[in-house]
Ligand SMILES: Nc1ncnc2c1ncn2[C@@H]1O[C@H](COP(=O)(O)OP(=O)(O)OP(=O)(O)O)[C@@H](O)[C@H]1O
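In structure tokens, one chain follows: the form predicted alone.
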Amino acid sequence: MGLEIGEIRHSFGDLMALDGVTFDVVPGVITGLLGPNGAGKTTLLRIMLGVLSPDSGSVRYDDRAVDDEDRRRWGYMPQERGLYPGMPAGDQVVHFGRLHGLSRSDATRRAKALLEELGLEGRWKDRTDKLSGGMQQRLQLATSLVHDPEVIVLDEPFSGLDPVAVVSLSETLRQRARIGCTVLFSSHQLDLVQDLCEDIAMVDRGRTVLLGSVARLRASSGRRQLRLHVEPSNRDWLSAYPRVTVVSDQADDLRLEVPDGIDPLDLLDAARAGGRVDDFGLDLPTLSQLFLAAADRPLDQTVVS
């Protein structure tokens, strides 16, 4: 069940913004709609929310076509803040609760609980435009959750946030997923959200380039990097491994891409035989590295902005 995005296509004139994007968002699993800026993520979310109509394809929820009544019960957090600058923070959340049909007392109760959950309990009377950017983002999230939505859709929720706000927002999304909500968010900051996403739909130029479980995609990529903290002058042992690629070699920090068929422990033993190894570790590829490989882009090309 959950959300089903099926073969969505949409063009703006001659520009194909979405070309057959298909994926599911399972309740209780945090799903990331990931990709660089301009990949088509916001266009897809607008179609899901009924702001745009697709040229073809469908959005279904619980095995039926989504309608406006469904969308009114969803929680949506836009990329651009939709808050009233001069309104106190608490009144703001109550106002959005009332718009979703809550009584004033229920909206007030929910607003107080959410501001406490999001670390804004002392900001009830503060004007919104006097809050920091991170606090405004958390307040925006509160307005999206005040009516206890079963489906939560967020467009670039982590843009411009400090680390504290990222942790707070991430934990809130995990908590909603744990109680069975359907959670989908978009982001171009692939490695920032790598540990938050459980499933991903990664898009580029309007097409899906990676789909599925983050853990499975990283583990099955066939790409592994060995980190070695070694003596700077010692590299002679590498000549015995022509298939191993040096990803970076700076001072005493050496990173190697280890292809299938080569045991990373053999490399570690060779490095130790050649000199002192102070630290080591085996890393799976990051989401950025998986994206660059799947989208056939140069490995030194940036993904985030």
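The model shown is predicted, which means the values in this text are computed figures rather than measured ones. From 1 onward, residues are counted along the sequence shown.
Separately, the form predicted in complex with the named molecule exists; it is not shown, and the next lines address it.
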{"item": "P36, heavy atom within 4.5 angstroms of the named molecule in the predicted complex", "value": "yes"}
{"item": "G40, heavy atom within 4.5 angstroms of the named molecule in the predicted complex", "value": "yes"}
{"item": "D199 within 4.5 Å of the named molecule in the predicted complex, heavy atoms", "value": "no"}
{"item": "Contact flag, E156 vs the named molecule in the predicted complex, heavy atom cut 4.5 Å", "value": "yes"}
{"item": "The named molecule in the predicted complex: contacting segment from 40-48, 236-244, 259-267, 55-63, heavy atom within 4.5 Å", "value": "40-48"}
{"item": "Selected contact from R71, H188, R98, R223, since only one has a non-hydrogen atom within 4.5 angstroms of the named molecule in the predicted complex", "value": "H188"}
{"item": "A17, L287, V21, V25 - the one with a heavy atom within 4.5 Å of the named molecule in the predicted complex", "value": "A17"}
{"item": "Residues within 4.5 Å of the named molecule in the predicted complex, restricted to 79-100 and counted by heavy atom", "value": "Q79"}
